[in-house]
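One chain comes next, on its own, written as structure tokens: the form predicted alone.
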Amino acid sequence: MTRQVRTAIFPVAGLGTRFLPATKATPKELLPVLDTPLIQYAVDEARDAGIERMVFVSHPSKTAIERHVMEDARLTRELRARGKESIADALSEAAFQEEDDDVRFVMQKQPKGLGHAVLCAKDHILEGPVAVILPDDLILGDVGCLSEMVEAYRSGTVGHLVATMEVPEDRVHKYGVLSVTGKNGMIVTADGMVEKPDAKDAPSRQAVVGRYILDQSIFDALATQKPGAGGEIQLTDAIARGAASLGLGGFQFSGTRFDCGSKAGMLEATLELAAADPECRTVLEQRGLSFPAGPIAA
């Protein structure tokens, strides 16, 4: 069984209702944290992890995501004609090139859950395990979370590996939660997981956040998965079904996670990055806001 992770799936079909009216015309994945859209952080993290093929599961109303991630030759030419070479170079470097990069776009026309979104990518993956990245979960650190997970997965034994963090008891109902059986370095082993349990029923406080490396059998599990919480096809439920036969682990990443699916989390991430920018930090300090010395790696 190959353990090389070659494909990353980006589920980006959600409507971003918590950010309306800002997301009425702009996809939530294109909302900036300081000066960089969420989707760009996710793409850069996948690139750094050595991902070969990027599959975006989007919605017909969100064509702006494709326009952002792909090279815009016309804009680049216009910037160069105006003498803005450095900006043109930066945009070109960040974007996918149609001839050189392996990028696919598929549509999830109905909101049937994260599990259904991942299943939509089934016909577009390369051989081997697949990564799933939720751009709403911004994870900043010296090393990208997915890079850490790819390395751990390559040398480990579990078939499904999910990023986890310990959360307070009063917040476990917001997450998928692992049923922990042990610990091996940065990986907690588990025999299952529960989607959004009540605090009294939660098997642990190890909550799953938006990075996954999944054995390719996940697609067979999702194809037969019955609706779960919220009447949606839950990725958590399909992962739990394979825990006994494949092995399930929670990876305790070294970076800092920001829930940018919420306004508070987006503000927290923006302030964190602003404090690392000399110009922005001056503005914050002028308003009486103080931050620890030393920038966080982006």
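All residue numbers refer to positions in the sequence shown, first residue = 1. None of the values given here were measured: they were computed from a predicted structure.
One more form of this protein should be noted, the form predicted together with 1-O-phosphono-alpha-D-glucopyranose, which is absent from this view; the next part is about it.
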Non-hydrogen atoms within 4.5 angstroms of 1-O-phosphono-alpha-D-glucopyranose in the predicted complex: do 18, 175 and 195 all have one? yes
Under a 4.5 Å heavy atom criterion, is residue 137 part of the interface with 1-O-phosphono-alpha-D-glucopyranose in the predicted complex? yes
Taking 1-O-phosphono-alpha-D-glucopyranose as it sits in the predicted complex, is residue 187 near enough to touch it, meaning that at least one heavy atom pair lies within 4.5 angstroms? no
Within a 4.5 Å heavy atom cut-off, is residue 234 in contact with 1-O-phosphono-alpha-D-glucopyranose in the predicted complex? yes
With the cut-off set at 4.5 Å between non-hydrogen atoms, does residue 159 touch 1-O-phosphono-alpha-D-glucopyranose in the predicted complex? no
Give me the residue from 131, 202, 208, 121 that has a heavy atom within 4.5 Å of 1-O-phosphono-alpha-D-glucopyranose in the predicted complex. 208
Choose one stretch from 99 to 107, 210 to 218, 76 to 84, 146 to 154: the one whose residues place a heavy atom within 4.5 angstroms of 1-O-phosphono-alpha-D-glucopyranose in the predicted complex. 210 to 218
For the stretch 87 to 121, which residues lie within 4.5 Å of 1-O-phosphono-alpha-D-glucopyranose in the predicted complex by non-hydrogen atom distance? 114
